[in-house]
Every structure is written in C-alpha cells, then in structure tokens.
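Presented below, as structure tokens, is a lone chain in the form predicted alone.
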C-alpha cells in the first residue's frame, strides 16, 4: 500500500493499481467510455483524464497506475476537458439513440450538459450488411472505442473483428470484411455486451418499436443450456411478460458476464407454443392428458417398478445429461444404482 493525494486528500491504494479503481474505492467516480475491467488498459477515449502534478498534460486514469506521492486532481480543469471531448464525439454520432439501447455517451453528455455544436458533413459512415441473423452493426452509433475488437482478441482469443478505414470513414467490421459467420467469431455476443453505445445490437429487435432497455424488468436466473451454471439476467417486457433479451453481469462468479451463443440468444423457446408447461400422462385411450406432478411421478414409478419385476433391473437404462448440474447427475446415478438397482447409466454427451 502506498499513499497519494486525491483532490487534496491523502489516501492509500495498492501500488500499481489503476487510478480509476483507486479513486472509485475512495468515492471519486471517474467516467470512462473505452475502458472495460476485463480488458487491458487502453486510454483511447480520454474521457477519464485527470490532472497529475508534474505531468505536462492530463493523463487517462484508466491507464495510469498509482505510485507513492502521486498528486491527482479530478475537479480543476478536467470537467471542461471531458465536456469538449463529449461534444467532439457527439458531432460524429449521427444515431445517438439506436433502438432504445443504453448509450453511455448520451448519459455522459446529459451529466456534463454537453451537446453537439455541429454535425460534421462527412460523419456518416457506410453501413455494414451481414447475413448472420443474430448481431448487427450501426456505424453511425459507433464511437470507435475499440472495446469490441479488444474483447474478441483478449477475452475470446480470436480475430473476429477489426478496425477498417481511417478518419471519418473508419468503422468496425468482421475481419477482412467477411461476414461474422466466415470469421473465427462464435456469435457469443461478447462484443455486443461490451459496446458502450449500442452500435452492435441484436438483429431480432430490428423493426420493433423502440423501447428503452432500462424500462424492462430484470430477473436473475441460471442458463438452462448446460451444466456450467452461467448466471444471466432476463430482461422482461413488463406489459407482455415476454423475455426481450438476455445479459450477464461481470460480477457473476461462474461466468464473469461471458455467455455462449445459446445462453445469450436462444431464449425464444420459453414462449414457444409447443413448449410443455405441465406433465402429461398417457391414458387408456392412448392419448396424452394433463395431470399433476404427484400423479405423473406415481405413474412413472409404477412403470419402472413393473419393468424391474417382469424383466429384471438390467432391463432399465438411465441417460444422464451435461445440461444437468454435477449434483443432479450424482443424484441420478444414485437413483439408478440404489433404487432401480441397475448399472446401465450413461451420458448422452459421451457418444
């Protein structure tokens, strides 16, 4: 731990800690746009600039590390720097509210009282059409913070996205201008989740009435697609009670906010009309009829007991699944070996 000065107060922090984190722990919020705690320090957007004694220019707090005796000021001329930088970004930000998606740039502009002084005549960027059905990209909403590109490289360890062009024509595209489907991209949506302005978005929202994401109810749940137990947030329309999108918080322990393509995009089965919502038991007429769980479990138990009595326990086989948790699979093999007395238990993922 070392001591340094923050806005005139002597505070302490671990030596080498990024200044943006050290300040936050002492109650001083420093806004950022290009920074993501999962990614290496970048210092590209300069929204987090602070005055450091002895430095000829303001330094980015997201890329400056704490050292003993550092003297930092966040409230001298810094707010004016941030307001000017915000106005510069807004002048190239033609689609500042894309489909109601959260936009950190607009939040910052509102907080600083900033507005675009003008719109650059050559600010409009060429749109990018892609044949994948999950993710789209709106270059006029993009501030070129590079968070999505860095996420694919540093977290997913692939080359799915890259920066194309220079100056006002620059935009983010799948590598070599291919479709997302023709790159190393797994369509996990991690680039979408780290985008601060909603420039990368869910394609299935195209054409829908704009609805601000923050107006949706948020329900924490567990992904159902495998046994890893990724924690997710279901965003539910309060009017229709339908799931609109799925996100995950970086603070969740099992997956740290990362999801696969199924966990992030494959949630429509919840509302599918063919989905079973109650147990069914086949009656004497040969048709399936709704029943209670108690009755369904009784019928299943009687059926298994009958097979065991007539043909022996080895006539019964049990299939486990990787979609279950480790604890559930343990209980399943215990049921097979102790109650059913069969060793014929197998995992469907092992073949």
Partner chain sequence: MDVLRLTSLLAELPTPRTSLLDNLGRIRREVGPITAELSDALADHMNIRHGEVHEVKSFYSFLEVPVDALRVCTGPVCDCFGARALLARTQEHAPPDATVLEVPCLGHCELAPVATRGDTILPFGRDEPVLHRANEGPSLGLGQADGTLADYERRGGLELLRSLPSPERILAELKASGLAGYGGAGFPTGLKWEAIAAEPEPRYVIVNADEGEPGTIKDRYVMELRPHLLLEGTLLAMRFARATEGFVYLREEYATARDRLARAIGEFRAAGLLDGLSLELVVGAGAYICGEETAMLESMEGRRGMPRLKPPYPSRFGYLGRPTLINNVETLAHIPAILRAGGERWPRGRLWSVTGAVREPGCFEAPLDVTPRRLIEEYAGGASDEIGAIVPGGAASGILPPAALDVPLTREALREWGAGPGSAGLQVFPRRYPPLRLLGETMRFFAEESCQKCTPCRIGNRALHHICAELEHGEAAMPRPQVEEWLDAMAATSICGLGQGAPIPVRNAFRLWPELFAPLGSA
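Numbering follows the first chain given and starts at 1. Here, rigid core means the biggest group of C-alpha atoms that superpose within 1.5 Å across both forms. A quick note: this is a predicted structure, and the numbers were derived from the prediction, not measured.
The discussion below concerns the form predicted in complex with the partner chain, not included here.
With the partner left out here, check for me: in the predicted complex, does some heavy atom of residue 179 sit within 4.5 Å of the partner chain?
No, no contact at 4.5 Å.
Would you please decide whether residue 153 lies within 4.5 angstroms of the partner chain in the predicted complex, comparing each non-hydrogen atom pair?
Heavy-atom contact with the partner chain at 4.5 Å: present for residue 153.
Closest heavy atom of residue 38 to the partner chain in the predicted complex, within 4.5 Å or not?
Answer no; every heavy atom of residue 38 is more than 4.5 Å from the partner chain in the predicted complex.
is_contact(residue 74, the partner chain) in the predicted complex, heavy atom dist at most 4.5 Å
Flag for residue 74 set to no.
Taking 42, 125 and 167 together, does each of them reach the partner chain in the predicted complex with some heavy atom inside 4.5 Å?
Spot residues vs the partner chain: full contact, yes.
Only one of 244, 106, 144, 94 gets a heavy atom within 4.5 Å of the partner chain in the predicted complex. Which one?
Exactly one residue meets the criterion: 144.
With the core lined up, does the C-alpha of residue 218 move 2 Å or more between this form and the one not shown?
No, the C-alpha moves less than 2 Å.
Would the C-alpha of residue 71 be classed as shifted by 2 Å or more between this form and the one not shown after rigid-core alignment?
No: residue 71 shifts by under 2 Å between this form and the one not shown.
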